[in-house]
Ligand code: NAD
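Just the one chain here, the form predicted alone, laid out as structure tokens.
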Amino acid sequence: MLKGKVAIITGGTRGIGYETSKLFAQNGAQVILFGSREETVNKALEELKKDNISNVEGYYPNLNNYEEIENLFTSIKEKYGHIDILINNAGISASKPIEDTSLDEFNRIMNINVNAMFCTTKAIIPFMKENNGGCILNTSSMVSLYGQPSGVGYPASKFAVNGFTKSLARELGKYNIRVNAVAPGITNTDMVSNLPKEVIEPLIRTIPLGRIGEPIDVANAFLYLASDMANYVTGTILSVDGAARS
């Protein structure tokens, strides 16, 4: 479904990002995954090689350093000739009550979940314009629609992701650049396993399908949105949550 495409995936070393990197590579894309540290990137690449996946490479840039990102994108474009897909998946969660959350903690969430998305997206647009189109995908969350009982920074950041997605879809449509987001529900990842039971269990009870999601469920949604099958889909926040409502 992605033969000949070049895809950059931030937060690609574990969970949803790793599964998406694997699925995209299996569908013919040249994948460049980004991680936060050299060791996590190397570990992800080693795991992919065990599955005989070689069309993946990895880097660990500072996603809040625009100049670093711009230079890295330039080198990727020079190597492969084009960049077709960007997935802004890097992110962190939060569960503390607001009274126990410091401004530094709140800013860290915004830096990773929102500001990094701004940097990578701003840097990729000239390359996609030059290529007469492209696809930008962002990882949102079900909490961007319903909020959550504690940890206000996380849903605030994901509400921002939705606004960013919908607005950019309108701004960039004239350049044939599609912008969409996937909003996972409770998914079986490390991030979710670190949340307190009192946050997760009430949400699980709202899922009509009777289970939490798996990373592949979300990766499949990204694959659809990145593929030519979604050529007329932009400005959409695609929920992948088993019809969970809170």
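No experiment lies behind these values; they were computed from the predicted model shown. From 1 onward, residues are counted along the sequence shown.
As for the form predicted in complex with this ligand, it is not shown, yet the points below apply to it.
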item	value
Residue among I207, V192, I53, V199 with a heavy atom within 4.5 Å of this ligand in the predicted bound form	V192
Contact residue in the predicted bound form, chosen from L145, L72, I92, V152 - any heavy atom within 4.5 Å of this ligand	I92
In the predicted bound form, P184 touching this ligand (heavy atom, 4.5 Å)	yes
This ligand contact in the predicted bound form: T120, any heavy atom under 4.5 Å	no
This ligand contact in the predicted bound form: S36, any heavy atom under 4.5 Å	yes
R14 within 4.5 Å of this ligand in the predicted bound form, heavy atoms	yes
Listed range touching this ligand, judged in the predicted bound form by heavy atoms within 4.5 Å, from 83-91, 99-107, 127-135, 170-178	83-91
